[in-house]
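Form predicted on its own, single chain, as structure tokens, below.
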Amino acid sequence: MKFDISLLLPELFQILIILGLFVQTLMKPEAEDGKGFGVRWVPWAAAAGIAVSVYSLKLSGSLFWDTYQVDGLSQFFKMAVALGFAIASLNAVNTPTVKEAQRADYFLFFALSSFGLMLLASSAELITIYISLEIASYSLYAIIPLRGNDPQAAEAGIKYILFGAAATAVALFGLSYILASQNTTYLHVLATKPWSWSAAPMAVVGITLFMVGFFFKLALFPFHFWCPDVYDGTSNETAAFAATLPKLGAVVVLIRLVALLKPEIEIITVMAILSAASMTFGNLAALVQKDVKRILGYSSVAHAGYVLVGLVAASAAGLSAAGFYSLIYLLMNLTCFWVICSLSRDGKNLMLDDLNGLYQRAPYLAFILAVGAFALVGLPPTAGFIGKLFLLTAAWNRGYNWLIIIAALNTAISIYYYLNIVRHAYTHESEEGVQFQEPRCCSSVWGGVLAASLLILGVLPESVFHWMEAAARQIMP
């Protein structure tokens, strides 16, 4: 087998960042006053990683005895992971809840988790998928509790570890069922096997259990219990990472697994039911929240249901819509978290009342927050609107029209709590208000870029969507 190292360019570049951070953790830490270069090089290195990933978009081939597949799908998601890592790193450079001496370790875990997600994007064999999932997860187990001496952070870390361990154990148990019934773990071979309840009941049980591990990462109901508490308990900067990037890894694996299945079989029906339940529960629970991060936590439960609408379609159009929407979700949430991190000087959680009068105190931040909230609702001309449009149209007339109606109704429900955020920022007067942190010039530029990307992708989505559509057609059997 010919080994082409150029197929691994994004992963190799990420390893260089990891090695640089590892060396930095061994050196004498920076002074507590923050003088010195510190970890400020990481966002710039991560931005270079985006360029490497874009350069690698058209690469294709297989490595490691066909367990590692480089194709359009994997390269699209590696680019999305590199983009998310760069934005999350820039957002966390000045995090107030991590000591200066610990920041190299903190960013090392960020980089390791992103590396695991890149591996996950190309994994084409179930055991390789499982190992990549663990590489991506272990780093988050370490950084979620890091929030000074806040007991809520420790509680969030414990919940994430316990639920994560349970979910991965269930996934591993499901893998054993698949191996016992289908006698292979290679996805391209599994695509030729039967997956109906009548022909292979053990395989149906196995793949359903295996998907649980990724439903957990996606925060899909009823595997969402960790999500609001982790968002609430961990630091704002860590929540921005944990709320976005792991979901990319979950979506790319689910796309590869759903590509094996036929739309009329039982597993797709189970996913449709979970999608409807997740959208409904997430939106109803978010209605009564006052903490902005808890609102975004329950919102992510609802958005997991929206992503599954595309997967339920089990067509090239549906899978490409799910992949496109996962990228949009990354940008929407990082935009909102950018505002949260910029507002919270001491790293505390923001309540809705803390946003009162934001348009007077920080009109630029208020505008960025409004764009992010409008995108999460799915209002035109934002990318959230076009992403949901692609999902719903791809799934129409695929046998689950009732799910499309539920998705539309849930979008209407979500208008209340998303626009409530904007209402507090623009129509409520502030008595004292949170002491916000003025964003630095560079950070302000990135905030504007995030908001602009949501508007541009809402008006001109064709090029990005066609990339994803070509990648989805490539993996369909």
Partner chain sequence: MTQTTAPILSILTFFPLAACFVLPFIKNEKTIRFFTFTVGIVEILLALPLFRFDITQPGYQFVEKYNWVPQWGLTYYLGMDGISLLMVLLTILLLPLCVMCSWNYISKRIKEFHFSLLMMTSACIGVFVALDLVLFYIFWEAMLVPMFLLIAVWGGPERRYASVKFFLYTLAGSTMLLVAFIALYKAGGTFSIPDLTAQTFPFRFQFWVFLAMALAFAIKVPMFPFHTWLPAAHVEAPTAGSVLLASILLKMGAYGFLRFCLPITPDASVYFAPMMIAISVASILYGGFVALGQKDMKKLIAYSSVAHMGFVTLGIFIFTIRGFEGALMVMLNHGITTGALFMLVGAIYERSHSREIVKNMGLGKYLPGYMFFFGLFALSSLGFPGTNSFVGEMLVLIGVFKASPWIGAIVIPGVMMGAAYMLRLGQKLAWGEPTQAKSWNDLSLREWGYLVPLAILVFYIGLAPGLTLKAIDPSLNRVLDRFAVKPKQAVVAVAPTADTQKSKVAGLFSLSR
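The structure presented is a predicted model; accordingly, all values stated were derived computationally and were not measured. Residue numbers count along the first chain shown, from 1.
Omitted here: the form predicted together with its partner chain. The next part is about that form.
So in the predicted bound form, does L12 come within 4.5 Å of its partner chain, heavy atom to heavy atom?
Contact with its partner chain, no.
In the predicted bound form, does L392 come within 4.5 Å of its partner chain, counting heavy atoms only?
L392: yes, in contact with its partner chain in the predicted bound form.
Given that the partner is absent here, does T427 sit within 4.5 Å of its partner chain in the predicted bound form, heavy atoms only?
Contact check for T427: yes, within 4.5 Å of its partner chain in the predicted bound form.
Does I405 make contact with its partner chain in the predicted bound form, using a 4.5 Å heavy atom cut-off?
Yes.
Given that the partner is absent here, state which listed stretch (63-71, 415-423, 40-48, 445-453) has heavy atoms within 4.5 Å of its partner chain in the predicted bound form.
Correct option: 415-423.
Do all of A317, T411 and E462 end up near its partner chain in the predicted bound form, with near meaning a heavy atom within 4.5 Å?
Yes: A317, T411 and E462 each sit within 4.5 Å of its partner chain in the predicted bound form.
So which of F281, Y177, F163, F385 reaches within 4.5 angstroms of its partner chain in the predicted bound form, heavy atom to heavy atom?
Of the listed residues, the single hit is F385.
Report the residue, out of T192, T269, N397, Q102, that has at least one non-hydrogen atom within 4.5 angstroms of its partner chain in the predicted bound form.
If I apply the 4.5 Å criterion carefully, the residue I get is N397.
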